[in-house]
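Only one chain is included here, represented as structure tokens and corresponding to the form predicted alone.
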Amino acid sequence: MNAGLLLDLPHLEDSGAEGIGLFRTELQFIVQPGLPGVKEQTEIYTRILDEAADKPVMFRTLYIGGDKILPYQDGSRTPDENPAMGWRAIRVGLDRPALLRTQLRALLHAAAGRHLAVMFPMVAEVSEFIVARRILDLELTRLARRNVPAPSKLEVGVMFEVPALIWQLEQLMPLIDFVAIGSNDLAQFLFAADRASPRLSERYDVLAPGFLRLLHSLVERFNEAGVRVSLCGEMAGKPLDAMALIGIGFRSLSVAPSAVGPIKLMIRRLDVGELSAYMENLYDSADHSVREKLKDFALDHGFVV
């Protein structure tokens, strides 16, 4: 499931989710009266890991900037004309390395002796990931010098949201343990369509053949490289869209807690092999969307999505 606040944690057990596939760490910063330091952040991340117990948690580093402005953030800079494509996420972290180091230090302290999974958002170039990973390694070295317990296992990944990264997969995959595809931003960047625009909100469909082909190709390449791949975003939380994602080859989805039950119910009724074979015929379609064809498939197989 997706989460971002401590009050989300009880849903982990209630929803039946198998872990937290996306923990949005910036939400904890937004609700604070001031920038939380290492001690405050460590306490928060420790509670999250305690509540999750033996279930995995994927922590996304700060995704501030754009439409996510901290109340106490320096307001002197000029706003971006297009915030979604502006100064946010890993770009802020790399430009303000002390901010990123503080967060990574807190995550490492909280995960002492436990599994820690960290992913960097909105990576557009492999070089950005390399610099972010170097900062993480500096904090690991700092732990060792101070004889502070390190995580028992550390996994590092990226949020795949920027299409430019498609042409650097060969360089990226040996460096990461997992990838989470962010369907919301990937779709809006691919279609050059602001998903917040009322005029464009219905114009492009994530069940367009081109977008499905792209996702299918990504899943195949990550699977071949042995890199775990998941998808988070609004697409994963809708039963019909989730059905398409499973047909593409996804085996891990991260959704709002309320969507876990309906998605699992859909999966239990699904013949995945038959669906995957059916979808092979859709990737070359010239249709605007294959949504109606997928609805027909679902109805033909006895369930409504």
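Everything numeric here is computed off the predicted structure, so don't read it as measured data. Residue numbers run from 1 along the displayed sequence.
From this point on, the text means the form predicted in complex with a small molecule, which you will not see here.
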- [ ] Although the small molecule is absent from this view, report whether residue 63 comes within 4.5 Å of it in the predicted bound form, heavy atoms only.
- [x] yes
- [ ] Would you please decide whether residue 24 lies within 4.5 angstroms of the small molecule in the predicted bound form, comparing each non-hydrogen atom pair?
- [x] yes
- [ ] Answer with yes or no whether residue 107 is in contact with the small molecule in the predicted bound form, where contact means some heavy atom within 4.5 Å.
- [x] no
Open item on the list: Contact with the small molecule in the predicted bound form for residue 184, defined as at least one heavy atom pair within 4.5 Å: yes or no?
Closed with: yes
Open item on the list: Taking the small molecule in the predicted bound form, would 161, 195 and 233 all count as contacting it (heavy atom within 4.5 Å)?
Closed with: yes
TODO: Could you tell me which stretch in 206-214, 153-161, 166-174, 94-102 has residues with non-hydrogen atoms within 4.5 Å of the small molecule in the predicted bound form?
DONE: 153-161
